[in-house]
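Given next, in structure tokens, is a single chain: the form predicted alone.
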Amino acid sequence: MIILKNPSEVKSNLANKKNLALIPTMGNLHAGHISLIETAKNYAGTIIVSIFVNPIQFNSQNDLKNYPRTLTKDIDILNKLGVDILFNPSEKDIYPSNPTLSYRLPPLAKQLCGASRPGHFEGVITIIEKLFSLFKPDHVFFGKKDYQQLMLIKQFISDKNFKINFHSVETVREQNSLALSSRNSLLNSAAKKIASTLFRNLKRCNSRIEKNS
């Protein structure tokens, strides 16, 4: 696996690569990320994973500071999966100057999660635009766990007329139904138990709605 640290290295290392798949992550990889990579192998010849904890999508500096970083373990996972390229830049490499986003996000960005996290999705789309412009992938892969984010990225690709095949992959869950997330390692056992009830309760609500419709 080739590990690239800055954008200037990308062009030369992609010169002979074709049919590129990009999987953007913030690291602390788990089975959900592995599912994205395994799915990508069915579509592309070159698999690229980025690991970059994007500071401009965090609303809390404390959240940014505490975000789990496990690069050594992540590299081992990616090597075992046969990933071709890991892009692991620094903040200065990605944002040499103050980042700006000319794209105007649709109203969905201000709803649901976006209503309580102002600027979050602007930060997400900013890094996505940079990665798309840098790698020019043929395929991109995102999990359905972050469904609002997934829909916004899909709309962004359409609005910007990127020639990219967009793939959404089913959520991977723990045995207790909790969706796998890099932040789950920050939860204690009691918090995990509470969080695991959300999916089951949503399924019950959905069943009742379908039953009464």
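From a predicted model like this one, the values you see are computed outputs, not experimental measurements. Numbering starts at 1 and runs along the sequence shown.
This protein has a second form, the form predicted in complex with pantoate, left out of what is shown; the following refers to that one.
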Checklist entry - Is residue 142 close to pantoate in the predicted complex, meaning a heavy atom pair under 4.5 Å apart or at it? => result yes
Checklist entry - Could you tell me if residue 26 has a non-hydrogen atom within 4.5 Å of pantoate in the predicted complex? => result yes
Next on the checklist: So, residue 174 and pantoate: in the predicted complex, are they within 4.5 Å at any heavy atom pair?
Outcome noted: no
Checklist entry - Just to confirm, residue 57 within 4.5 Å of pantoate in the predicted complex by heavy atoms? => result yes
Checklist outcome for this item: Assert contact_stretch over 84-92, 124-132, 71-79, 99-107 against pantoate in the predicted complex, heavy atom within 4.5 Å, equals 124-132
Checklist entry - Which pick from 149, 39, 46, 181 sits with a heavy atom within 4.5 Å of pantoate in the predicted complex? => result 149
